[in-house]
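Before any questions on binding or motion, here is one chain by itself as structure tokens, the form predicted alone.
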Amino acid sequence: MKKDKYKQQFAEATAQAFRNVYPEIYAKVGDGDNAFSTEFIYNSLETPKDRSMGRFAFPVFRQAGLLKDKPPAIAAKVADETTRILKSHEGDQLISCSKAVGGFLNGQVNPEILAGETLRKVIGSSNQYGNSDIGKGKAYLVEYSSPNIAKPFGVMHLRSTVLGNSLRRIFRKLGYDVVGINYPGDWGTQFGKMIVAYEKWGDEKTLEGNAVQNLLALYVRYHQEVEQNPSLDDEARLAFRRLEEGNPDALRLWETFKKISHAEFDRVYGLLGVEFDWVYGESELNERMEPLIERLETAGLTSISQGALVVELGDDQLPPLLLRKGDGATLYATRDLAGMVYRWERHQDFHESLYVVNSAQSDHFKQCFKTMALLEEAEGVPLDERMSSRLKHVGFGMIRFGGKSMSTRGGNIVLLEDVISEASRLVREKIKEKNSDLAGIDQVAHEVGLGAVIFAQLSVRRQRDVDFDWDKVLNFLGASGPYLQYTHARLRSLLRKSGLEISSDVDYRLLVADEENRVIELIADFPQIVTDVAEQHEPYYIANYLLRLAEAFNSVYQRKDDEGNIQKIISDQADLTAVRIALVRAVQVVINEGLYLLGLEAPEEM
């Protein structure tokens, strides 16, 4: 990856300063890979918690042990020498100075250079700002959403859907060839249960109107009835066997369930603005499981345990992977293994294949990944050609609504569409209070209500559980989607009100306020934030970043002079207005693009 030239100049100057201040140490270690090298310093740079202290911070604690001196003393000596070296750059001085803060060397960026370079880049590239070609020629597979057919799209499916959709957009921004995969659950013994339930309590009217919810009612009833009549499970197993054997009546019902479900899913995905590049169900893997089992048997990895075919993983923390039950039935894990091979065959040599699936499935994926690793090792696949090392489980926590987890079997399911509708209704009421004449209020209310729901999932680290709280989700003034969308609308309003043609040819020396410099530094951080999200598979970083940027801009917007008067963005000082409007445009571009990467719309007005 291309190095940050600001970090590089600071690292080079700091490394040279260590050589000048401690020549005897440099004489011993030379230019190798050590604690005093430019490379080590560059890779060790941190971001100060208090950004007024500088843009970069280098901890000297490791050097203290080598130099037999206290960190603050070392920092004080090296800071002055670093600043002297930096000033020798004259017209190319990207870092204005180095300051000693405790045991850290802090680098302060030249604000005029950073402002000019950053704002010119944003205004010139617009929504392409932050784009990269680091993924060029590399394929990324991202599986997300993957609901079960014959069941409604509930809130429980939301996190996988919006996390995966966000990652798909982020990887594309970085130049990867991304394949978004939807892998609906359309096979297994549950469909034997659905067939039995339909034959006993359903009819043609069940498949009309709100058909998916009607099917859910049958599924819930089945699980209620089976408690009193356990023989229903035997009937369900027989029904699924009929389906596996190609019974025309069973296949007809199954195909009908699928058609109804996919139509409903597509409608909900349309509401969410979520897209996929490849959709295939578990049933497509039926013909691929036996060849996979044969490979495992040939590799000597299978054994019989209590009548079942298993793969012993040689790991005390993982139970054996069950490939086939004693009655010959395959399992979800068998299909997942076959699916991994299927994806590898279709997208040979992919960079990574991500499974955006609830963390409760962590052990399942560990078993599957270990099984594939053992198979490739047994088959002698070279290390750099192995698919198993490129498989990643992107886990996430549960969603709780009113403090309760959701269960399809028990009928305890909150429909996602109902949540979006309620959010839109509440947002519409709030907008009418403030701007009753807003054109297209229904569309804006939908965009903001939906944005609130999505942002509530992505503004929390994915491994954490989420408790859905309406007051927090719809807060226009707090850490919420509506707050960011409102900030974006206000930025657009300022741009319209100025009446100026946005130009990057402005006097950046006029942006001297600390609040303005803080905004510029944050804008400059955006490309790195996008890269960090991709590396950590964590859209939370963008959500958190956008909140910090919006807050920093609001500090500019509300800044007062010494007499307590608001320093307006648009004033009678033409040069100052022009450069501040350029700053507004840059913030608007970044918030717009950040919202897009999260899957949110950016309204022009609110």
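From 1 onward, residues are counted along the sequence shown. Just so we're clear, the structure is a prediction, and the values are computed from it rather than from any experiment.
What comes next is about the form predicted in complex with the RNA, which is not displayed.
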When the contact criterion is heavy atoms within 4.5 Å, does residue 576 count as touching the RNA in the predicted complex? no
Decide whether residue 138 counts as a contact residue for the RNA in the predicted complex under a heavy atom distance cut-off of 4.5 Å. no
Residue 282: heavy atom within 4.5 Å of the RNA in the predicted complex? yes
Although the partner isn't part of this model, could you tell me whether residue 104 comes within 4.5 Å of the RNA in the predicted complex, counting any heavy atom of the residue? yes
Heavy atom contact within 4.5 Å of the RNA in the predicted complex, the stretch among 163 to 171, 380 to 388, 315 to 323, 258 to 266: 315 to 323
Going by heavy atom distances of 4.5 angstroms or less, which of 460, 374, 220, 513 would be at the interface with the RNA in the predicted complex? 460
Picking from 210, 305, 126, 88, the single residue whose non-hydrogen atoms come within 4.5 angstroms of the RNA in the predicted complex is 305
Between the RNA and 46, 494 and 566, in the predicted complex, does every residue show a non-hydrogen atom at 4.5 Å or closer? yes
Could you list the residues in 475 to 506 that come within 4.5 Å of the RNA in the predicted complex, counting only heavy atoms and keeping sequence order? 475, 476, 477, 478, 479, 482, 483, 486, 489, 490, 493, 494, 497
How does the CA gap of residue 477 and residue 419 change in the predicted complex versus this form, closer or farther, if it moves 3 angstroms or more? closer
